[in-house]
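We begin with a single chain expressed as structure tokens, specifically the form predicted alone.
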């Protein structure tokens, strides 16, 4: 019950600041752009959009949420409640992953989904959003201003997000195959019918998520201690 209340509160917070309206507009824009593209390139562009969307939503919207909470001193009330650190993180990443997955499915289903793998698409969108949300959380809890957040998230986000685009130049090796963002891209591309993927890589991605979860957890604990003055 406490976990559900936390997720519900996060969703209310997102609604209050217009996240859902913004994403409704973004979704309609994605659909409009894709419908005007020729069939020969539509699936490739769709895959790139669906990869970029969880990345942008997870990293930048997570940063905005944390900075809003800090500026309005919401964190003080959150951490005097019985909520645990893992519940706080889970609530944040799960609520954002719901938006990202819903948007991704809406875009795909509205732009002639035919040959793709819906299961792969859902896994890629959900795990991709969780992964990138953790990156945004890791950076956001360590800073107190938007400028400092951008200085931290842009280089880290670029390093994480760039390798998947090497796939479009036929550059591939074992290191790339187990890189988290490459796995996310492959799951999404399999979802729109461009490539095939071994689902064993999903397990590797979950391992990466666990590592970043521990990193995020450590940073959140440091933030709590700084708030409480311990």
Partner chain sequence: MRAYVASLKFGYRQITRDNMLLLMIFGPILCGVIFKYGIPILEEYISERYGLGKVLVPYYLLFDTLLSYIALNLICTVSSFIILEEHDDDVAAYLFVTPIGYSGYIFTRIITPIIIAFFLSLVVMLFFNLSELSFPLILSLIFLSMLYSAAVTLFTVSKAKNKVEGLALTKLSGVVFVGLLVPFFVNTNIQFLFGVLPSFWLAKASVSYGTSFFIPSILLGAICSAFWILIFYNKFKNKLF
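Computed from a predicted model, the values in this text were never measured in an experiment. Positions refer to the first chain, counted from 1.
Keep in mind that the form predicted together with its partner chain is not shown, yet the notes after this line are about it.
Proximity of 29, 53 and 168 to its partner chain in the model of the complex is complete: all three residues have a non-hydrogen atom within 4.5 angstroms. Of the candidate stretches 119-127, 83-91, 96-104, 141-149, only 141-149 has residues whose heavy atoms lie within 4.5 Å of its partner chain in the model of the complex. Proximity of residue 13 to its partner chain in the model of the complex falls within the 4.5 Å heavy atom cutoff. Contact between residue 154 and its partner chain in the model of the complex is found at the 4.5 Å heavy atom cutoff. For the chain shown alone, residue 178 is not a contact residue for its partner chain in the model of the complex, no non-hydrogen atom being within 4.5 angstroms. In the model of the complex, its partner chain lies within 4.5 Å of some heavy atom of residue 64.
Taking a 4.5 Å heavy atom cutoff to its partner chain in the model of the complex, the contacting residues in 23-52 are 23, 25, 26, 29, 33, 36. In the model of the complex, the CA atoms of residue 55 and residue 145 sit farther apart than in the displayed form, by at least 3 angstroms.
Relative to this form, in the model of the complex the C-alpha atoms of residue 56 and residue 183 approach one another by 3 angstroms or more.
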